[in-house]
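Same protein, same chain, two forms; see structure 1 and structure 2 below, as C-alpha cells.
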Structure 1
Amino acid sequence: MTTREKILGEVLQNQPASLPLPDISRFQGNEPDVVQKYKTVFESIGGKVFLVDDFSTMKCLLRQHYDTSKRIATTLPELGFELISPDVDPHTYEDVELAIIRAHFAVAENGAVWLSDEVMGQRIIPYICQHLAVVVRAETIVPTLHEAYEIIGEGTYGFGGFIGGPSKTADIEQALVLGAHGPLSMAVFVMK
C-alpha cells in the first residue's frame, strides 16, 4: 500500500457523514460610492490613491512623486519607460526603483487590487520593486471580495494575487513598519 492509499483510506474511514455546503449567494456588497470607499480604505492601510483622467496627468504625477533618474519598469507603453520583458531572468529586476503595472480591478472593502501574471509582465515585478504603482479603471472597482471572485472565475492565469498596500510588518513589538521585504510604498492611479 502506498502512503497515498494509506492516507486516503484513513480519511474515507474516519470522515463523518456528509454535510452540505451552505448557499453563499446572499453575500454581496451594497456600497453606493465604491471609488470613495476604495480611496478611504486604501489610504488607511498606508497606500496613496490618485484620481486621474488620462495617462498624461498620470505622467506628471509620476515625475512629481518619484525619482525618475532611477530605473523605472512598466508594462504600459503609453508611459514611455522601460518595458518589462517576460523573457529575461527575474533576478535582473532587483534594482527596479518603481514598477508601474495595470490591475484588472480593485476591491473597495479592503483596498486590494487584483493582478494576474498576464498583467504583471513578470511574476516577481510587483514584489521586488522598491515602489509600486498600479493603474486601475474606476468603473472596475467592486464593493467586496464576493464580486471579485465572480469576476475572476476560474481564470486563465498561472499566478494571480491580491495586493492591498505596501509590504509591511509588525513583528517587532507590534509597531507597524512599511516596507518589509517588498515595496516601501504603493500608489494606485484610479483612472476615470
Structure 2
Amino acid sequence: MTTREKILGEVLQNQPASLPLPDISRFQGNEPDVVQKYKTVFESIGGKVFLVDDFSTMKCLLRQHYDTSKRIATTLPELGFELISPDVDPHTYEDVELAIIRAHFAVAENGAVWLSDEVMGQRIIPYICQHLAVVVRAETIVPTLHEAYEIIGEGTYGFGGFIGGPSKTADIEQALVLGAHGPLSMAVFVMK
C-alpha cells in the first residue's frame, strides 16, 4: 500500500455522517413581473433591453442602434446576417462588430443571461465582439439565481456561463470603464 492509498483510506474511514441538504425554498422568487424586473436590473448595470414581438421588429431595431455596414455574426438564421460556424477557426471572428446569439434563459435578480457552447456557436463570440446582443424568450426569465441553478443542474454542456451586461471594470482608481475586457455594449432582446 502506497502512502497515497493509506491517506485516502483514512480519509474515507473518517467521513462525517451525511446530512440532508437545507431547504432553500424561501429563496424562490415571487416577483409579479419578472420581465420588468429584468429590464430594470439589466439597464442599471449598463445594458439595454428591447421588448420585441418578432425577428422583423428586432431587425429594425438592430439597424437603428448598430452600424450594419460592419461585420455582424449570429447564430440565428432568421436575422439574415452571417452565420457563426462552430467548424471554423475562432480567430476568424476577431473583427466582429456585433454578435447576436440566443440565451437559454435570463435571471431577473441580477440581469444575467445563461449561455452554453450549444447556443454560442463559438465559445469566443460573446467575449471578442465589440457589441453583444442576446435574444431571450420572456417566459424563460426566472426570478432568482437559485431557480437558475435548478434549471442548469448537472447539464451536459461542455462550457457555459452567466453574462450580465457589458464588460466593465473599476480597478483603476475606482473609475468605471466599459468594454475593458469584452463587449463595449450589451443588449437583450426579450421576445414576448
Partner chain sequence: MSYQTTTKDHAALAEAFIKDEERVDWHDGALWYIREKRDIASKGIPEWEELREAASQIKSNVISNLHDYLLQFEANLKKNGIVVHWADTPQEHNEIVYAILKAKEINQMVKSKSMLTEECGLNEYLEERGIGVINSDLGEYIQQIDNEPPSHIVLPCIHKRKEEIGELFHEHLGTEKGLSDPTKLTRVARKPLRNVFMPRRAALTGVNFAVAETGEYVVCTNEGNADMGAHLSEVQIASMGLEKIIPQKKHLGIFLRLLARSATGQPITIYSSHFKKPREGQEMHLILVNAGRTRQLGRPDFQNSLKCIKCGACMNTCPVYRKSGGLSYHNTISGPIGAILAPNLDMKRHADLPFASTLCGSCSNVCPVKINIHDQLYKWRQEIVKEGHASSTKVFGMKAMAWTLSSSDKLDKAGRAGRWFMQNVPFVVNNKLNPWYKQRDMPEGPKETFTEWYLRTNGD
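The first residue in the sequence of structure 1 is number 1, and each one after it adds one. Rigid core: the largest C-alpha set superposing within 1.5 Å between the two forms. Residues that one form lacks are left out of the comparison. As the structure is a computational prediction, the values presented were derived from the model and not from experiment.
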query	finding
Index of the chain form predicted together with its partner chain, chosen from the pair	1
Threshold 2 Å Cα movement between the two structures at G9, rigid core reference	yes
Is_shifted Q174 between the two structures (CA, 2 Å cut-off, rigid core)	no
Angstrom shift of the Cα atom of P22 between the two structures (superposition on rigid core)	3.5
Mobile segments between the two structures - rigid core superposition, Cα shift of 2 Å or more, 3+ residues	1-27
